[in-house]
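Single chain ahead, written as structure tokens, the form predicted on its own.
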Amino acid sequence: MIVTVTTRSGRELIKGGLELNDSATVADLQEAIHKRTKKYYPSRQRLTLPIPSGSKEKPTVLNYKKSLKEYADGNTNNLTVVFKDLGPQVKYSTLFFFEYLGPLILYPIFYYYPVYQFFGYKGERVMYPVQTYAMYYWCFHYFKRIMETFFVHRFSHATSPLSNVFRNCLYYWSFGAWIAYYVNHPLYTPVNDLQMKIGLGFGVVCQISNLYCHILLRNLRGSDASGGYQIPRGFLFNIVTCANYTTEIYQWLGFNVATQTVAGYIFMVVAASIMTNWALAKHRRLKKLFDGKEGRPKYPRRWVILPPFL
């Protein structure tokens, strides 16, 4: 089989094409491209079928596990694919590790060290119990997230663009420092003990629930992350499509009820907005895939992310 690899502008990426055996897979083609170009390793490649000029249809993305014959459309001797460079890539585990590491390190710095001297506060700082419990709560959350990254999550995509590391770190690290600055500030005014206990207690329950949601999602995928889309079931997933996001939002609500800072509430609102967009997209996708037609199960009626509002 002769495979012609072109760029989106129509230029041949590899002159004369690549000759592969008839049993070759898309993964074999990616490796062959890598050998000829060196720069474009497989996770950096996006291969699609060409679409007619002027067509508004989305191009078909080649699945690395499938045989090239499946995309040859009856012509098993020749195939043309369109190549796109996705740019430098990193593993998702690497991305998540660095974005969570920042808040995990920065928050204790504001708690333990006299950083406020650099902001003009020279007096002795009095630490309230809520500040100590909030620090433990915060560190537990981000330590849990790192452990989940390496031991629980199974990613549908192996890599992410390198640029996402800088973007995500800016988001998590800046918010982490901002919240830590106010919660541990020398002029911080604590809430009453009952409010602190209710907020942190509720938050801890949500954190544990969030971990259990992630374990349930992990079990939907095979060990090679090839499970495809399935209907999440069990625990809160029986009533909410994205129960993992629901528990994530509510655990930050518990933290903010206990600590009461503007920075914390802004972070929660921004995070909830981002996760709501993700949840709506996933809900629509699952309803479309599981439409009850041609033997497919019908997606059950559920809240999207935040009962009883959405």
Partner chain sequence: MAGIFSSLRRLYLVIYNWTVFLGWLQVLYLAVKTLKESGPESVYAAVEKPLILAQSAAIIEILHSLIGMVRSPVTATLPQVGSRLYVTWGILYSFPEVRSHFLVGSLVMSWSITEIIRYSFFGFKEAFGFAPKWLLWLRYSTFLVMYPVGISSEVGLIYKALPYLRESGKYSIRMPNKWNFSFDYYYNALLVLGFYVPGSPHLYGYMLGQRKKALARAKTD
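Numbering follows the first chain given and starts at 1. As the structure is a computational prediction, the values presented were derived from the model and not from experiment.
The form predicted in complex with the partner chain is left out here; the points below concern that form.
To verify the annotation, which of these, 251, 259, 45, 241, has a non-hydrogen atom within 4.5 Å of the partner chain in the predicted bound form? None of the other options qualify; the answer is 259.
Quick one: of 188, 83, 202, 175, which gets a non-hydrogen atom within 4.5 angstroms of the partner chain in the predicted bound form? Selected option: 188.
Determine which one of 188-196, 92-100, 134-142, 152-160 lies within 4.5 Å of the partner chain in the predicted bound form, judging by heavy atom distances; exactly one does. The contacting stretch is 188-196.
How about residue 265 - does it come within 4.5 Å of the partner chain in the predicted bound form, if we only consider non-hydrogen atoms? Output for residue 265 is yes: heavy atoms within 4.5 Å of the partner chain.
Using a 4.5 Å heavy atom cut-off, state whether residue 112 contacts the partner chain in the predicted bound form. Residue 112: no, not in contact with the partner chain in the predicted bound form.
Against the partner chain in the predicted bound form, would residue 182 count as a contact residue? Criterion: heavy atoms within 4.5 Å. So residue 182 counts as contacting the partner chain.
Across 271-310, which residues bring a heavy atom to within 4.5 Å of the partner chain in the predicted bound form? Heavy-atom contacts to the partner chain in the predicted bound form: nothing from 271-310.
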